[in-house]
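Read the single chain below, which is given as structure tokens and is the form predicted alone.
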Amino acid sequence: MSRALIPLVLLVAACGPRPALERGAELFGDPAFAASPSNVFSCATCHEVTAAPRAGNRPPGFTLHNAAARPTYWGGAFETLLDAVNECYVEYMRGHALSPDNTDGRALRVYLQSITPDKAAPSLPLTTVTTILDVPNGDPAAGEATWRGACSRCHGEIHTGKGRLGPRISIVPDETLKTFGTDPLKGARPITIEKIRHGKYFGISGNMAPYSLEALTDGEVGGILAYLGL
């Protein structure tokens, strides 16, 4: 190669597209990935990327460590990584389904493959609580710890909402009590249990992700209720 061409080649390389891995890692933590003005979630809101979760962190979704090597996703509901990603991308991030040849979608896949060191990984169980029953209150101190690890990531501090992801996310428990009251069958307490267990599904409004039994036990839900004074 002519020495005169070397600076030009280097300039073109510097101005070329960013590496897919770098782009995918950025998209993983960026709510703007979905290009929806009302979206406040990123992949990192609900998922860890390490084999063991950080101490005290209780996200609703499983870790995505080794995710690209799993045979099924969402408790067996989906068989491809793209379908699993699109469930989150459409249902929570308010985006349009990513096609297999979408540039950003492919970059995210490259990133997920980079945190998949094993060639095969087992599917993970996802136990959805379909019938909501009241749960006994637990220890409010333990409930506060669970709240900080699981709920404050989106809702912020109780009563004030300080630190919440966005203005559309409810201030708990105050707004829930104001909207639903204290009726034992359809008031703030059963609605809070419904929201934790069902998220936006089963006819429940909003855009919250559900917490399966693997993510939070009934005892931990009871602790949250005690901490909220419900």
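Note that residue numbering begins at 1 and tracks the sequence as displayed. Just so you know, these numbers come straight off a predicted model, no measurement behind them.
Unshown form predicted together with a small molecule; subsequent notes refer to it.
> Has each of 61, 169 and 195 got a heavy atom lying within 4.5 angstroms of the small molecule in the model of the complex?
So, yes: the whole triplet contacts the small molecule.
> Just checking whether residue 180 would be counted as a contact of the small molecule in the model of the complex - the rule being heavy atoms within 4.5 angstroms.
So residue 180 counts as contacting the small molecule.
> Tell me, yes or no, whether residue 164 is in contact with the small molecule in the model of the complex, where a contact means a heavy atom of each within 4.5 Å.
No, residue 164 sits far enough from the small molecule in the model of the complex that none of its heavy atoms falls within 4.5 Å.
> Even though the small molecule is not shown here, does residue 217 get within 4.5 Å of it in the model of the complex, heavy atoms only?
Answer no; every heavy atom of residue 217 is more than 4.5 Å from the small molecule in the model of the complex.
> So in the model of the complex, is the small molecule close enough to residue 222 to count as touching (4.5 Å, heavy atoms)?
Residue-level check for residue 222: no, no contact with the small molecule.
> From the list 107, 135, 129, 93, which entry has a heavy atom within 4.5 Å of the small molecule in the model of the complex?
When the small molecule is considered in the model of the complex, the option within 4.5 Å is 93.
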